[in-house]
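Next up: the same protein chain in two forms, each one alone, written as structure tokens (structure 1, then structure 2).
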Structure 1
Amino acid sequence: MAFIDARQIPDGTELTPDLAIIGGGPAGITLALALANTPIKMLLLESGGVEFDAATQALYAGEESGVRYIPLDATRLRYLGGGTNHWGGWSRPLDRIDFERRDWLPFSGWPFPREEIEPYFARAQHLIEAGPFLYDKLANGVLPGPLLPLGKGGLYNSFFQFSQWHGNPQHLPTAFGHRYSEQLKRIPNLQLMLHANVTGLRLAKDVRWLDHLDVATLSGRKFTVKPRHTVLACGGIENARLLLASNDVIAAGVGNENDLVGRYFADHAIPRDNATVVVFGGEIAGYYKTTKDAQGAHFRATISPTEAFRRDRQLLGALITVEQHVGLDALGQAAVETASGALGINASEAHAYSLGVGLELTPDPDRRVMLTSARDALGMPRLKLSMTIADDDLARYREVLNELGRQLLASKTGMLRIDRHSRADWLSVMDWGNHHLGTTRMHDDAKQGVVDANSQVHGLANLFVAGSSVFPTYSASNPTLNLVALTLRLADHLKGVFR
């Protein structure tokens, strides 16, 4: 079945699927694939087409304040496939500690442990095409070069795996829209509609039920979808915008009775060139600096704090990467000579590298997206992002770097220099992962979360949210593998709902 162009739907039409899926990114496509060949009649509504369109992309534009972030119309691509149209393929599962409530970390704790999504990791790994599910098990097999020796302590050699579109020699990551388009067309119980923008979630008079969706196209068509159940899968920013903007019945917006929608926004902070590491014994193995193949996986090494170290030192997630080869100034050379001499090590073949990192942020209710008075081409309120990063987040990472330096010296492998000190210094090299997290956070208590453990919006019997906007805490791991696993879990729950 061919995709449907919403611009050809007559004004005033009412469509009545069993399930409406709003958004054709990795979550929406995963859900459609997972519910294929079930009795559930699905309608997937995607704002864009199958390729980039500037007018559709402009719907994302908004304002920003606080810490410098990426322009909102540049941090996501608005066409079929969503964020997978421009992701780097970096993949890694969340750790057990990421699900735990930690007394020292306000607003932490998922409503279930990691074991709840573990059964879905293998299927998620298959969908993102990241090879066998190995990750840290890669260290137990044959690698193209030696692991960096680290003394006993709180950090260890860890691994990313990478999505790569099957049969693609350039190792390009899997773009869900292109990769799965033909498969989506063959699903008998799915209609996939392009250029269809949901502009309102309209509640029934008792406000316990989502009655219908308002849909519009940039060409001016308007029609209605009246589903039995709906899944919002537009991403961490647009999920919040649609809930907040649907304020005709509840002034605060759908699901926002406790003023939580749009709060706790997060991304992974990526301060570049934050430290310099020196390896005394020569060139570091290539898989620390770029991706390599081994054991059926396309992978890259990272250095990470152990879960025990994070608990003991009250640290957040950090995944350190070795980046560019750098030269040492006179002071650096003198430090290497002094350190290697004291350790009795020949450092004549020493190599120095800059370090990068992906950092987890502390949940912050004031880091949020809010509606503004400005309107887009569909008449929807645009957003303003208030971005924050706590000094404690940077301080916690400095403690991780200090431990790495200690372990390198303990193993007589190398040494480390922290290159960023003041807040301004850190922010001057700050980049972001383009990972939108937390704006519809998950919690069993409606006063602390927008959705419950089944991703159902509190107080609404037929509205669910898919994607990383439901993450209560964020880890340092890239979200796509994890949000796909979480969506597969939601699909199983919906099968029970429709039974």
Structure 2
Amino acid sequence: MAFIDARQIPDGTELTPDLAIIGGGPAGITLALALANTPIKMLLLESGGVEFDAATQALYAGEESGVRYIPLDATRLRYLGGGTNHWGGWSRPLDRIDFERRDWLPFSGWPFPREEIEPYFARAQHLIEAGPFLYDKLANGVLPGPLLPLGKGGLYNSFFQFSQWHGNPQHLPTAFGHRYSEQLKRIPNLQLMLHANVTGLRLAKDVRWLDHLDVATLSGRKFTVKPRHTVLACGGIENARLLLASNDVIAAGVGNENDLVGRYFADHAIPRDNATVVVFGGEIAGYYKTTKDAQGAHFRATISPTEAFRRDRQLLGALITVEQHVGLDALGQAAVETASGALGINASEAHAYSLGVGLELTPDPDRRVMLTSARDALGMPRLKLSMTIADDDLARYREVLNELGRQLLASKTGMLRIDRHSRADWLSVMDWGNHHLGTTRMHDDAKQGVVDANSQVHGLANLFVAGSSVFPTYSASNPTLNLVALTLRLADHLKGVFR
């Protein structure tokens, strides 16, 4: 069925699907695809159209405070496909340790182990079009160039795979809206409505049931949707906004009796040029510096701490990338001469590179989004993000770099300089992944999580949340593959709910 334009819906209409999906990003689209051809009558409400539109995008504007972060209307996209309209396609599954409760990591522990989402990775990988699910297994096959010998130690060669939209002439990463539009139109039990902004989640009197959704268009239309069940899939920031702003019955907002909604926000910190690595033996293989193809995958190498090392040293996830060639100053050249000479290595072909990294952060309840008194064009309160990064998180990464430096020397492969020192120095090169995590965290206990292990909002039998806002800890892995896998799991759960 063709997409419906919400601007054509008469004021005051009430729609009654079985399932409302709020948001047509990869989470919402995955859910619709996964529930295709079931008896569940779905209505997907998407705020934007099929292309970018400035007025709709402006609904995302907000404020940021604390550590410098990306403006809230630049770190997201509000039209069909959501963030995948400009994502980089970097993909990597969560590790086993990411799900574990670690005594040394406050607020850690998912309500289930990795095994619970493993069965969904293959389909998620297929949906994001990242080739065969290989990742670290790439090391066992033929690669275009040698792996960096790292010897024994806490770091190992690991791999990203990349989404590649095969129908696209430039092989850009899969933009879910464009890629799956035709498929979505053919789903008999789906209506997909564009330009439909959900502005309120309205509770029934007993506050245990979501009664209906308020929907508004920028052209001024207003109507309601009264679904049996609803999945909130508006992205890691907006999910929290909609819950917090729906405060007509519970003053703190829907699902926020325990003051958790919007807290524990996280992203992956990306301090640029944080270290310099010298490789004694010549140029590093190209797949460390950019993407290459092998074994059917589009991939790039990364260097990361093993799970054992992370457990042992109480470290967080870090995915180190080799960025670009750099020159060395006189001291750098002297250090290379001295170290290589003392170890008896010929370094005449040495090359130096800057390093980047994607870092996991410690969960912090004060890193959060909150409503402000400012309103958007639809009358919704805007958000303010309070951003933090702990010194400990930077110190933990320094320990990872120390180990890499040690391993490089011990294996006579190269050496390393740490290029960031004071906190100000680290912050001056800090970038962010645009990965919005944690604001509706998952926990079995309602006092510690907004949603339960099935992504159901605690205390509300018919409201679920999809997307990386449910991640209680964040890993260093990019979120989209993982949130798509989690959404497929949610789809299976919903099939049971509707049975």
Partner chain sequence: MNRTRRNVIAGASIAVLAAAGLGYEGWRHLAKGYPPTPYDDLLSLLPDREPAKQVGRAFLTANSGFVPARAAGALRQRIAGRPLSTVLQDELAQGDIIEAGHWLLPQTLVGLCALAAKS
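Only residues modelled in both forms are compared. Please read all numbers here as calculations on a predicted model, not as lab measurements. Definition used throughout: the rigid core is the maximal C-alpha set that superposes within 1.5 Å between two forms. For residue numbers, the reference is structure 1: its sequence is counted from 1.
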Is the form predicted alone shown as structure 1 or as structure 2?
1
With the core superposed, could you pull out the runs of three or more residues whose CA atoms all shift by at least 2 Å between the two structures?
167-171
